[in-house]
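Just the one chain here, laid out as structure tokens, in the form predicted alone.
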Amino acid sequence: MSSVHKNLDNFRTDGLRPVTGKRVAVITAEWNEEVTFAMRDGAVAFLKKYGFDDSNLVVRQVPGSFELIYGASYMLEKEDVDGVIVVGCVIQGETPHFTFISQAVASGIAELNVRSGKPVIFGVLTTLNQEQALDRAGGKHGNKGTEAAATLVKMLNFNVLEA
């Protein structure tokens, strides 16, 4: 979780190796695109630093955060990827919609992790307002998309990393 004391871009990369022979997907929600596209761009840039290029990186969009579950599932089953990053942003409004969507997406992505046996990384912001979202999409708290990409690379290298 980001705070004034922690920047999303401050994560450990010691021992992190470039990934070879793997194919991954980044699925991005179009809703709140000012935020989500910045996060997607951060994720893709990080992945390209760690061995991915256009031939082994699939970048797709879905309408909103709820559809990230289907998008990730489709990629795992039909596109034969080794891992997925889902990128979305749910901003609290005046109705309980925020809670229902946030819980459904978190549960759905958790289930895909267990069911697929492949890493599905949760790069979904759940914020109280637009400012908090922008702060975490390349603003003062870093970029959650970059952090999600680092997490995916770490999980793909899981068997070679030392604790």
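Note that residue numbering follows the sequence shown and begins at 1. Quick caveat: nothing in here was measured; it's all calculated off a predicted structure.
There is another form of the same protein, the form predicted in complex with a small molecule; it is not shown, and what comes next is about it.
The small molecule is not drawn, but in the predicted complex it has no heavy atom within 4.5 Å of Ser55. Among heavy atoms of Ile101, some come within 4.5 Å of the small molecule in the predicted complex. Interface membership of Gln132, defined by any non-hydrogen atom within 4.5 Å of the small molecule in the predicted complex, is ruled out.
Among heavy atoms of Val90, some come within 4.5 Å of the small molecule in the predicted complex. Segments offered: 38-46, 134-142, 107-115, 64-72. Contacting the small molecule in the predicted complex at heavy atom distances within 4.5 Å is 64-72.
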